[in-house]
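In the block that follows, a single chain appears as structure tokens, in the form predicted on its own.
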């Protein structure tokens, strides 16, 4: 595991002490519209220095025993697509071998696939919580099976039917919506039914993937495929609160393209989503460890 000097806020535990490993995957090689998501991990890390460690939403602080270490970004810039995916999966496998939780920041949404593959290998009864503007359930996109537009279909191929809980979706082909109705658990347009997750999933292992374009582009324009009609930031916070107590064994946040919002508002939103999700995962882990 590599380390860097400019860690995300107070993610400064030693690797041995940490329970959660935070790392970046700067890649947007299959982005189908506007590129820039490969810049996301670095911009989130840089902008985090202006963000308080305390969350008034959760009444938790990263300076408390958050058990998280930031180990930097993977170097994916000169690799083929297959090598990129293999590198991410291998890195994640090492984290899981050390009995830690991978927390990845992208990058485009395809980088979720190798992380989820590695987590699924360790937890074969894995459930997936998917926040997104788009279904991402195409079997192929312009002939390619591996794309940010097909990532959830490839994850479905892993986990099987009725294990993917989708929230905030408002865009996709007719075929994708029909597939989701039959094989996934779709919740369109908002996050309201996230309140039911505890009763639906219980203590089963969960992977959380948040595509930040689930947020409305009026507050989050810095993403490659903007989709009007999204959720507000406060709705995002309420959704994250509904993850409290769940057995989260892996997570990611993807699709910030900071070059598409020079105001920095999108990056600021992304930083806060990272902070809130990190705190929830850490608090949940504390409950499972002590329980």
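Please read all numbers here as calculations on a predicted model, not as lab measurements. Positions refer to the first chain, counted from 1.
This next part talks about the form predicted in complex with a further copy of the same chain, which is not shown.
Judged by heavy atoms within 4.5 Å of a further copy of the same chain in the predicted bound form, the contact stretch among the candidates 121-129, 76-84, 159-167, 197-205 is 76-84. Site residues 183, 187 and 209 are none of them in contact with a further copy of the same chain in the predicted bound form, judged by any heavy atom within 4.5 Å. Taking the partner from the other structure, a further copy of the same chain in the predicted bound form has no heavy atom within 4.5 Å of any heavy atom of residue 26. At a distance threshold of 4.5 angstroms between non-hydrogen atoms, residue 244 is out of contact with a further copy of the same chain in the predicted bound form. a further copy of the same chain in the predicted bound form comes within 4.5 Å of a heavy atom belonging to residue 138. When a further copy of the same chain is considered in the predicted bound form, residue 99 lies well away from it, no heavy atom lying within 4.5 Å. For the partner-free chain shown, nothing in 102-117 comes within 4.5 angstroms of a further copy of the same chain in the predicted bound form, judged by any non-hydrogen atom.
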